[in-house]
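Heads up, what comes next is one protein chain in two forms, each shown on its own as structure tokens, labelled structure 1 and structure 2.
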Structure 1
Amino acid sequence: MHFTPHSESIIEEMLKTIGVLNFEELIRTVPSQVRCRENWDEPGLKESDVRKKYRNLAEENEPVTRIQSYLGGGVYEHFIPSVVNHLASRPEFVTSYTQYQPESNQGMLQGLFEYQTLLCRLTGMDVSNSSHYDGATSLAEAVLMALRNKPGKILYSKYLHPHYTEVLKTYLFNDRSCLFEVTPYEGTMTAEAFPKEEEISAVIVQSPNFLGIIEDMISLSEWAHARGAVLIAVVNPVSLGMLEAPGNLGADMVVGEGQPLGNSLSFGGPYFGFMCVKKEWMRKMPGRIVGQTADKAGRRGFVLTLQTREQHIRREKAVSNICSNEALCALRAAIYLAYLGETGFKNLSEECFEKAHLLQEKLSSIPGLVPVYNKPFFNEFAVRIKHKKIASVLSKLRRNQIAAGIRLNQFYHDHANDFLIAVTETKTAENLDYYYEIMKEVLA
């Protein structure tokens, strides 16, 4: 990297201040394979050449418009109506980052208030904040709420999303002893596997869980409440178009990843996490909450309220030190839900359910391919290849323009030949037939 003499002296002084000898020592922890190897001392490219160069790089990606993707695991391909992009990209929304001045942000505040209302209706809860960074972050914040209320064990299933588990362990780095992983029985959580004679702070129930199986939330919430613990539900919001709202099943907090609600796959982000709670948790909930009020003239208005973040109160009293959220992604969710309406959202959920079950039924008829668990599921299910190497099978499907699913051995050593398949409304009957025919041919 080339610096001018003046900038070199400044940089040397900065490096000296932080205790490193040179720029290379500063970035020594960055893996060599991800470092830029271009020679920046060469003359710069023209704008047209830069565009061509990066267009060629972008074309090496294979978006879901080119292949049939059955990848899921918490992030799903859904059709996004054009109205979502059109409204969410309006300048007054895009530029409205933080709504500290309600007099100049009423449009965005109203949009977020409506988002909160829609999420409460969807989850059956009393209060929603206006988003977190992602689903894993919202779960970690819910666990911190539970621990502040009552110290004790945090019970979670082996089939809680593995990335969520890792984020939990990071948040609780100094007190991981409170985390207790429950071994599922035939794919689901059961109270028989819970620790005896322990103080329990919270039970985390992901339903559908990472393998797509629907959990018995009622019995788990009854067990938790009998011991003075709370139930934290982690949900796929699209499943709530046909499954009972977790608030009606005994959940005290409901969290999850909001990407399926009008947000693109976007190579992994940005997404947003949602959090909804019962009323008694309202003042303990982190994040922004938009409230409805009235001005001096009696006109309806919206403001940020109950602000318990460290930007607004003494740091030691803050319920969270994350000062930001994903307001624009949450706004997209509000537009998406309002556009679909109750009937449209229910139809979407049922279509995902029906197509997933149709594909599972087709695949189960192929010799050498069996379900990992025969349990109720929503739109995602795990299958096992019995007599062939999974890497070879998935590779052959990939050559036929099918991203067949997520290999589970990267998360679980006892699922070496299993993979997870997700089906959404974007798949046609012809797509499902093609998947079935290619899989049957590969396994023949």
Structure 2
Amino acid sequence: MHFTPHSESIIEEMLKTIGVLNFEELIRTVPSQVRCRENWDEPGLKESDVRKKYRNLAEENEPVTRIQSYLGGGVYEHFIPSVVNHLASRPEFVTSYTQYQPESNQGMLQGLFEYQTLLCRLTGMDVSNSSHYDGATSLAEAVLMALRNKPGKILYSKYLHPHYTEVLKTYLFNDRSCLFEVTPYEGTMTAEAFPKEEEISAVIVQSPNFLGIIEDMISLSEWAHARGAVLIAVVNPVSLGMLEAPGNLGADMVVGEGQPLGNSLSFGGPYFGFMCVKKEWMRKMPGRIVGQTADKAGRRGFVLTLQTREQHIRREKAVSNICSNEALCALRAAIYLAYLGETGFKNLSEECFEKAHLLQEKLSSIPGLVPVYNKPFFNEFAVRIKHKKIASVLSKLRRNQIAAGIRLNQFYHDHANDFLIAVTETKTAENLDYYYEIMKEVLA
């Protein structure tokens, strides 16, 4: 395949107009000592052959739709309605660029303004940017924002998503001494385990945390605020259909992974990170922000605003280096939320919750399997296999078409026999029964 439109004769004509004889002369400013010497003859594939190659590759995978998957760990298999796919795949959105010329981009700008509004309502915050790379990087940027405001310790739980912790460490390459990992008590963060004498910059609370447990955000925010620190909440947006908005629990910044809102799993990306803050952080937050204004005729319109925070204006003095974000994924989330609506979204949230609890109760009745913690959870929980080898238990379930969960030993040495089970609305009552029956058989 190729996507260069000119015929030989057109090329001749254009070269002549330019005043060169051939392509060789056209690129004469490239010194010969750096010119490619490799063989660049490999021809492209026919379209049908490209399709075949990648269909075969796709067949090498066993997508979660073909098995029964209980994998979560920060990203979740939710049903994506056709209308969401169709609208978010419109080429007018997909093949447009960043809205530096707002008059020619009102569609996307309004879509992102609506996204910002939806996310603020969901999280209970004042201001949202129009997306970040993913949950982990938006947390890292929130922490940098907090540290610029007030140096001090950054407290986070051992049960903060391990990838988020890793990314945080990467971003804080220069001085990781500010990072303070809190040992949870019975799976949750409690102020008793917090350092007493130190200056605190921020407390990060992920709720539900990596093990699915709902944290007590109110008492953590009170503790943080009493010490002049900020509370950064990391949340699963789908949980906010039934759980209280972090903004009402004292959070100063709310970040997280937006994938559950209508974005497909796609082996880890593209997803989007959301970042919502209280008003006083508005001019300090990174990322593009859409604002409302008026045109020459006084009609409502939208533009990228507060750009003096950004790299293309401020260069090395910008609040962040971010340029490309994940606008299309954010638009997709807005469409998804608008499609489900208030009732639909609450139902979705409660259904995930309810089904997860049903499965947890069933599984807990099997001898040899116990919950790791007995704490309130949303749609994900950790269980421990006693007396049997966990690897062989999980592979037996997998042979019965169940991806039973995520092993926790890859993240925690003290969770060698534990794994994490996530349940979404995609699982039927029959699926849950089947999981239970197979697990009972395997553990018998």
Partner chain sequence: MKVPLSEQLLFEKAASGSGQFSAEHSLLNREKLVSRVPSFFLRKNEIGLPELSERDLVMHYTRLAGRMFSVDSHFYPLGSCTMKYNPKISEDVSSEEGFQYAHPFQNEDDVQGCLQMMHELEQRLNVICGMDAFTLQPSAGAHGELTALLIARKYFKDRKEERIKVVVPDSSHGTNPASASLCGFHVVTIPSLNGEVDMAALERECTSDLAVFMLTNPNTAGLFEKNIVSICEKVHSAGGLTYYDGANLNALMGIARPGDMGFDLLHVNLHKTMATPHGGGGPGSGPVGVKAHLVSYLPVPFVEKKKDDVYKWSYKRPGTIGMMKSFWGNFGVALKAAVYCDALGFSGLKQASLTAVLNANYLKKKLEDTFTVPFNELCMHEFVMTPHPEKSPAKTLDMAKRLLDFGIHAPTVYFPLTVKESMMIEPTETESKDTLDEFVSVMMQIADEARNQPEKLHDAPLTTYRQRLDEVRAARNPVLKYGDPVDPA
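Because the structure is predicted, anything quoted here is derived from the model rather than measured. Heads up, when I say rigid core I mean the largest set of C-alphas that superpose within 1.5 Å between the two forms. Here, residue number means position along structure 1's sequence, counting from 1.
Peer 1: So which is the form predicted in complex with its partner chain here, 1 or 2?
Peer 2: Looking at both copies of the chain, structure 2 is the one that matches the description.
Peer 1: Answer yes if the Cα of Y434 shifts by 2 angstroms or more between structure 1 and structure 2 on a rigid-core superposition, and no otherwise.
Peer 2: Y434 C-alpha, core-superposed: shift of less than 2 Å.
Peer 1: Relative to the superposed rigid core, does S32 relocate between structure 1 and structure 2 - that is, does its Cα move 2 Å or more?
Peer 2: Yes, shifts by 2 Å or more.
Peer 1: If we fit on the core, is the Cα of D49 displaced 2 Å or more between structure 1 and structure 2?
Peer 2: It does, since the D49 C-alpha is displaced 2 Å or more between structure 1 and structure 2 after the core fit.
Peer 1: Superpose on the rigid core and then read off how far the CA of N22 has moved between structure 1 and structure 2, in Å.
Peer 2: Here the C-alpha difference is 30.0 Å.
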